[in-house]
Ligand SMILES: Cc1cc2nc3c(=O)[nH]c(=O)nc-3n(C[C@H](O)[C@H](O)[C@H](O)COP(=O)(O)OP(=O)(O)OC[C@H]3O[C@@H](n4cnc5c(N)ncnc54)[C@H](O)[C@@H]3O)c2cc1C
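Shown here is one chain on its own, the form predicted on its own, set out as structure tokens.
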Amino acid sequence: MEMPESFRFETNIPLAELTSFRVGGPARFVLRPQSYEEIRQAIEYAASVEMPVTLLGKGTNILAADSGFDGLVIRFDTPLHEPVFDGTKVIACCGTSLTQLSRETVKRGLSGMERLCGIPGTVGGACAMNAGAYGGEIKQILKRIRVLRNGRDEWIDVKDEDLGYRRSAFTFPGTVALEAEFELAQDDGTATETMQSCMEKRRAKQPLELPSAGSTFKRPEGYFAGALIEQCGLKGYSVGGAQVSPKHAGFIVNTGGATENDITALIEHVRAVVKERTGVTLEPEVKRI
């Protein structure tokens, strides 16, 4: 199984180097696309030779296998062009950092993205899971999205039912998000303060000093996952190098040398204990490769 020379790819790159959890064995091929057309061609080629393929942004919501990935990783983590602003609208490449885009919108006197600043992923990743924080979410501002579906590159209007809590119609493998158009509003004078406040809360409450994949579990209806886990006495509980963060029980962190098996075992232990003691079933938010 080989890759055409026309694709500029790397081989046997540890997924631990490409994901924020710092866990995972080697990916056989890693391609950083130079164009949207190259993404289409790479997916088409992989399908033609029955090669497994996955899409990766900044790897901030990913748990990669210790065994690695015996296929092609398309790493869409850098923008192919600068954001295009037109009044209160902005079109951004899905490889763009969500935090950088959020800062730029606020700098330009726009409001709507300020609560998303600090979410450590790409615009594409945010659209693929309807990312949100502190009362703001992608659904509130995403109006159109350029996607690759069934080999077709097209812009589509976003419908209300396309996005829900950590749910999106724009997820791989059925869809590759290429560009997103956001409709923002003129800043009423509070955007900078709101952005700074959200960033301060993030730094104060989240274990940003250790590798993690962000919030490990989705928020159960009527509850907060971190509060339930803490209530069950699991704050600080460890399996190998994986630990329920002593700072925020909603995060599992890699304290050093954690493996996929460590993290998986800890996730399942937390789910079992919370279910037994509270009756609530926690659903993991972390995606797997």
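Residue numbers run from 1 along the displayed sequence. Bear in mind the structure is a predicted one, so any value in this text is a computation, not a measurement.
Although not depicted, the form predicted together with the ligand is the subject of the following passage.
Visitor: Test of understanding: in the predicted bound form, would residue 212 fall inside 4.5 Å of the ligand by heavy atoms?
Guide: Looking in the predicted bound form, residue contacts with the ligand include residue 212, since a heavy atom lies within 4.5 Å.
Visitor: Under a 4.5 Å heavy atom criterion, is residue 94 part of the interface with the ligand in the predicted bound form?
Guide: Although the ligand is absent here, residue 94 would touch it in the predicted bound form, with heavy atoms inside 4.5 Å.
Visitor: For residue 175, is any heavy atom within 4.5 Å of the ligand in the predicted bound form, or not?
Guide: Residue 175: contacts the ligand in the predicted bound form.
Visitor: With a cut-off of 4.5 Å between heavy atoms, is residue 60 one of the residues that contacts the ligand in the predicted bound form?
Guide: The answer is yes: residue 60 has a heavy atom within 4.5 Å of the ligand.
Visitor: Quick one: 235, 242 and 265 and the ligand in the predicted bound form, is every residue within 4.5 Å by at least one heavy atom?
Guide: Checked in the predicted bound form: no contact with the ligand for any of the three.
Visitor: Name the stretch: of 51-59, 224-232, 257-265, 29-37, exactly one has residues whose heavy atoms fall within 4.5 Å of the ligand in the predicted bound form.
Guide: Only one stretch qualifies here: 51-59.
Visitor: Among 196, 100, 206, 140, which has at least one heavy atom within 4.5 Å of the ligand in the predicted bound form?
Guide: In short, 206.
Visitor: Which of 163, 110, 131, 90 has a heavy atom within 4.5 Å of the ligand in the predicted bound form?
Guide: By the 4.5 Å criterion, the partner-contacting residue is 131.
Visitor: Where, within 257-289, is there a heavy atom within 4.5 Å of the ligand in the predicted bound form? Residue list please.
Guide: If the 4.5 Å heavy-atom criterion is applied to the ligand in the predicted bound form, 257-289 yields 285, 287.
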